[in-house]
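Here's a solo chain for you in structure tokens, the form predicted on its own.
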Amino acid sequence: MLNRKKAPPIQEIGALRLPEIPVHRLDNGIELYEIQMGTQEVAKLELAFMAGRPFERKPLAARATAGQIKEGSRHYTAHQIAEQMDFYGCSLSFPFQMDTSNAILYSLSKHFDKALPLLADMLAEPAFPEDELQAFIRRNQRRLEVDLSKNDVVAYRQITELMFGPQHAYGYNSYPETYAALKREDLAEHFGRLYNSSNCIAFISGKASPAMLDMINESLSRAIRPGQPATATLPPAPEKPEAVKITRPDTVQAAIRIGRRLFNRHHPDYAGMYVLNTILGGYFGSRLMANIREEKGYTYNIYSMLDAMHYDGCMYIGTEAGNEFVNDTLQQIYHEMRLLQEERIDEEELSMVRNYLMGNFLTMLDGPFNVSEVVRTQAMEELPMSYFESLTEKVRTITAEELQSLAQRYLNREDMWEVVVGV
């Protein structure tokens, strides 16, 4: 008999693996990853194009193109598309990432044949209406005006520009005049050059029947034309870090960002830094949280972020603190970095972080749509499908000595850019 008064024993999470993922090739050469999981009659189709910032010929062209595809095609207006999607209970979006521009369709399996032709038509001949582009420009100019009044936004813009450089795809910032300079021809050129079959990978997850796979092959092979793979030429990033202070006298709280360039997921130290970053500031029980929020009470939130892009990466720490606490907050951040360099992490803390991260990895395998996210990241980053297993194994087995060595290599104050906005 099951005794419900007694909690089940706690067990350590063992090795984690992605399920076997079949890969099909459409008639036009696009790879289609099939994540056949789940019990509900619903499917998610995602198309990922290497059409982000590194491949632009004009600033903001990638974001504007992704945002305007949904505004209609040669045969359907934006209103007609939205009406049809709502009628069949479908969802269609075009999220923009730093390196990629994606199209995501959620649909009940029984209505997939109604939704897919609409997506295909948009990818075959997007209209890019001039009035919608002008509305997009005005909306973003207004949003930018609001954002630039926030210290944390200004600090983030400044730290990324410093780390990568103002001309770098990962470093340049938008301004009202950057949006105003966008033309419909810029969007059409970006779309025509990059939204092609050599530059796309597709992912179908959920309950997908053989008939749906045939439908995808037929529709997308017709809609997405052939072309050349994307190539990027990125300028060298600045090498000598410095500290920048932007004064805003009318604010009572300052935004702090401290960071440095690192590397992408291909680097041999990425997995170790994934763990080290978590210990420093990557979860609620982190060192920075325990010291600066809980003990000192200087801030409500402080975090450390490890950001990996296709061609590069960075790590940065962010927080907001009262003006009178800024200097000591900075000192405490560097103090926590120095402790990680000088003292080995004890087994109890390391075990807690391992368990936290392994629990997060478990959620990544919970359901077809989460698995699809993992598969998409690995495919677009040109990583082997065994990468997820390798990453989780490194988390399970990394030692305190390895983490201390990584801290000594990557958490040196002289390598950090520092931005304070407000005080």
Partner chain sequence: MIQFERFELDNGLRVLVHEDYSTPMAAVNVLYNVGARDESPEKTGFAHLFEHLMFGGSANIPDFDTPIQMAGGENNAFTNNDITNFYDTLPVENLETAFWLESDRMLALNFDEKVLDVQRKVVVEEFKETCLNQPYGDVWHYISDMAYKVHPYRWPTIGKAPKHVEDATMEDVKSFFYHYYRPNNAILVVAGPVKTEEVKRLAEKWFGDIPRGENVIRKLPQEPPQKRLEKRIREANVPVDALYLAFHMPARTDPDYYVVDLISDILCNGNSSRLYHRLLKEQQLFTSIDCYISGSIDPGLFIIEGKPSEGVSLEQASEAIWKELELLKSEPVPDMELQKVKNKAESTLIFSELSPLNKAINLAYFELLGDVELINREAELYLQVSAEDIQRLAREILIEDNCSELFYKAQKGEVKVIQQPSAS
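So that the term is clear: the rigid core is the largest set of C-alpha atoms that superpose within 1.5 Å between two forms. All values reported here derive from a predicted model rather than from experimental measurement. Positions refer to the first chain, counted from 1.
One more form of this protein, predicted together with the partner chain, exists but is not displayed; see below.
- Of the candidate stretches 229-237, 318-326, 269-277, 335-343, only 318-326 contains residues with a heavy atom within 4.5 Å of the partner chain in the predicted bound form.
- Only one of the listed residues (Met212, Leu306, Ala78, Ala120) places a non-hydrogen atom within 4.5 angstroms of the partner chain in the predicted bound form, and that residue is Ala78.
- Distance criterion of 4.5 Å from any heavy atom to the partner chain in the predicted bound form singles out Glu295 from the list Asp113, Glu218, Glu295, Glu125.
- The partner chain in the predicted bound form comes within 4.5 Å of no heavy atom belonging to Thr160.
- Mapping the unseen interface onto this chain, Lys70 counts among the residues with a heavy atom inside 4.5 Å of the partner chain in the predicted bound form.
- Under a 4.5 angstroms non-hydrogen atom cutoff, the partner chain in the predicted bound form lacks Thr100 among its neighbouring residues.
- Not displayed here, the partner chain is kept clear of Gly192 by more than 4.5 Å at the level of heavy atoms in the predicted bound form.
- If you check the partner chain in the predicted bound form, you find a heavy atom from every one of Arg4, Ala82 and Ser351 within 4.5 Å.
- Although the partner chain is not shown here, in the predicted bound form the stretch 346-367 places heavy atoms of Glu348, Ser351, Met352, Asn355, Tyr356, Gly359, Asn360, Leu362, Thr363, Asp366 within 4.5 Å of it, in sequence order.
- Once you line up the core between the shown form and the other one, the Cα of Tyr88 ends up 2 Å or more from where it was.
- The Cα position of Ser390 differs by less than 2 Å between the shown form and the other one after fitting on the rigid core.
- With the core held fixed, Ile10 shows a CA shift of 2 Å or greater between the shown form and the other one.
- Three angstroms is the minimum change: in the predicted bound form, the CA atoms of Pro8 and Asp346 sit closer than in this structure, by 3 Å or more.
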